[in-house]
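We've got the same protein chain twice here, in two forms, each standing alone as structure tokens: structure 1 and structure 2.
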Structure 1
Amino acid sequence: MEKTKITLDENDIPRQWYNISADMPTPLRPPLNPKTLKPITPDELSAIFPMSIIEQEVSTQRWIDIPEEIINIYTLWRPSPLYRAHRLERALSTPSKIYYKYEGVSPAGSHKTNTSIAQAYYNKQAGIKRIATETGAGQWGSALALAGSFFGLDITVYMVKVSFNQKPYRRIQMESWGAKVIPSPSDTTNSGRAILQKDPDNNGSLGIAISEAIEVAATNKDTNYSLGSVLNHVLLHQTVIGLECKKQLELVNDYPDVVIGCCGGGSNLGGVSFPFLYDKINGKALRVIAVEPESCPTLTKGEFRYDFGDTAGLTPLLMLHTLGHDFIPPAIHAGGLRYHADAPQVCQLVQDGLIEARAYGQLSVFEAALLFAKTEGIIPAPESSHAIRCAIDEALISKEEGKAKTILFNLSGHGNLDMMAYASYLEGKIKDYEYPDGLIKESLSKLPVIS
């Protein structure tokens, strides 16, 4: 029997998250209050986040304990399996070894539950009754809906209207866990009403949905806001992925030459790679690759500067790679990667040369996804398929070079609820996107200059 699945016992679930802020060669630039351009204080954030989360956000402590209550829920799907992709390797005739960590085993189907459970826990501890959030593709909304059901918290999800209408399966999944799902823009908030008054048929955007959720959190004392990516505490919670990978690879006496994750906001990439970057910062030879869609090329074509985290400009200014906060990427099937910027931690590490970035078009990504489905069985989420494309390319390069490598990528979620994207591909309806000349440059030129 060939060793395919490297499993750990639930006693092997990490007891601490790894905080890369403790080890970054260049410390993070602070988030700024957009009015004063001074660093945001914890107090300013406390209207929408519990203090324990704010402390994690600014912490430079290397290891942060995971509360027992969170571990008890993690046991439902963690430790997640690490697979050796024997069949994919054979299909590629590569001398390299390909491993993938599979986060789709969580009940909501992606890595997002690693942080939704933690965020729900800390909010519950702080006496909060309700969490408001936004969702585009639906992965984050469903992860938070699940977390809410475990902790008895009401969850209100503002779902981008076009997704609400096109993705009924995601909506019903959230409702099955007891969440309230509201198509955004809605008449439940001032920001929603303002948009509907101007344009009653507005289909919504992630930016608008964020505005609605933040407004609800800021104006209701018992309600907080929750974000599924980008922020330091979110990436922190995801490091259980990489910590488990290290333990699993040790069991087979292996260590990766390359670690790969797709990158939308950056949370699954951070989760799988930060524990390995700790080794790299300490001298280990290792590459980390962030993979993004050509249609939203934040790390490969964006600028590293201060910008808003949302489209409407309600958040603090963050130092990150951005295409401009009102840049609207084309509608691609990897909805979770359609974000105008990336996590500040990921961006600073790219800036410092510790993470490489690469972009792929949709066609080559779906081609890779189907090869993976037919060899490894799992139909991957379109987002995760970007990491598969890159892993396959790395394996093919190693074949040309005649050098065997050990490649690790994070399969952040399954594609069971993304079947319409596969239908589009199988029917030949998916095309690669080419930017009109100067579009990104124009969007960036609108940003205020902050030195």
Structure 2
Amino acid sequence: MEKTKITLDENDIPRQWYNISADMPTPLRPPLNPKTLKPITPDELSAIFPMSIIEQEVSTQRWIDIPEEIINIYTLWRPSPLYRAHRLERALSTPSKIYYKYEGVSPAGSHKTNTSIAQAYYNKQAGIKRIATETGAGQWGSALALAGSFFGLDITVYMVKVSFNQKPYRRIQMESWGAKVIPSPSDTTNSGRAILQKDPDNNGSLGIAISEAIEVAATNKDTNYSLGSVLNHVLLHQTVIGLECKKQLELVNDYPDVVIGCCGGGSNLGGVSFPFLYDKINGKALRVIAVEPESCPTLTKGEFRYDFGDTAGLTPLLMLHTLGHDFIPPAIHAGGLRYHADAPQVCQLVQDGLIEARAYGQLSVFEAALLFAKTEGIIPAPESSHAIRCAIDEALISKEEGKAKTILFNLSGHGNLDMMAYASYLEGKIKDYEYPDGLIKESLSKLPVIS
């Protein structure tokens, strides 16, 4: 009988993170100081990040050791299981094999703890007392709240207002671990007040929440900023996912033809795919697919250029696929994918043809989520359901072609706290929304022009 659940021992937890910056065919363009348009220096970043994080952000070293204290906490949920989706395969009558890495087994219910623990550890080592951050759907905020409770740090979370209202149990989860949660935009920061003055009913965005959190960190000496996606060090920490996948697939003598991850900022996509992209860069036949919502189509419709990572323009300028830093996506239920840009590493790899990008509407994503729930038993997070939709489509294509392939996707979190989203879908209240090209062009027209 072929295995359903493929597990590793705690001794198999990776001892090093993989840094894809060491192997990217095209080096990343440097972050720029928005005032001077010159490459930003480590000293300029030290106002909001500890130096250990800054060193990881700019490193081109292939392997970076994981501190023992972080590994000790990882053992609470790592190694996470890899599942063979036998029941889903049968429902689809596909000749392909479908595997999913299940990150929902972490205490916070998603992959975000892989980096929240690391970031809290490095901030504690640097003597920081408080961390300010943003969260979209609440998964990142929950993960950092948990990490703060482990390391005795105060956590302030600016939660995108639409998600704050849609997902009260995420807020309660964060508060249960001791975090302070504020709906964004808020009246607690200059950037939040400015936005509310223009639009009192603003639903918020990750870009706005980032601006508020960075402002708090930059104006308080005992406070640093932390984020759950986009930057190099975050994707670095997530590579424990793909490194474990490789070991697990070796146990069943298999290797993926396709690796799939949903993509908002890029952390879970990078986590599952970067260790495999190392093989692809070195000649292995492999496809990697980033899946995003049609309502926030950063990789499929955004432009590859320098832009701010936040709405107020407080971050360095980064080279990435963007819809414009003041882009406000509609209030879709996959709140973790409502970001105007993507990780510079992911964007450059898309530019180089090493990662494909695909966008789906909400209705087909929830349809796939319910099929997965009924066959595999896990109700997935709406964000992760984008990857499920793509995996199902790839399996159906292989059925039409009569060619078996091995499909791997990252189930980055469970949907147990997303019941309002499922209720809306089951009641027929969710509609598809494809963001108009004209509004995207208008947003992009406001970007700085940098050669």
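Only a predicted model underlies this, so the values are computations on that prediction, with no experimental measurement involved. So that the term is clear: the rigid core is the largest set of C-alpha atoms that superpose within 1.5 Å between two forms. Along the sequence of structure 1, residues get numbers from 1 upward.
Q: Working through the pair one at a time, identify the form predicted on its own and give its number.
A: That would be structure 2, which is the form predicted on its own.
Q: Any CA movement of 2 Å or more for K161 between structure 1 and structure 2, core superposed?
A: After core superposition, the displacement of the K161 C-alpha between structure 1 and structure 2 reaches the 2 Å mark, so yes.
Q: Superpose the two forms on their rigid core, then report whether the C-alpha of S205 is displaced by 2 angstroms or more between structure 1 and structure 2.
A: Yes, the C-alpha position differs by at least 2 Å between structure 1 and structure 2.
Q: 2 Å or more on the CA of I195 between structure 1 and structure 2, with the rigid core superposed, yes or no?
A: After core superposition, the C-alpha of I195 moves 2 Å or more between structure 1 and structure 2.
Q: Give me the C-alpha shift of D437 between structure 1 and structure 2, core superposed, in Å.
A: Value for D437 between structure 1 and structure 2: 4.6 Å of C-alpha shift.
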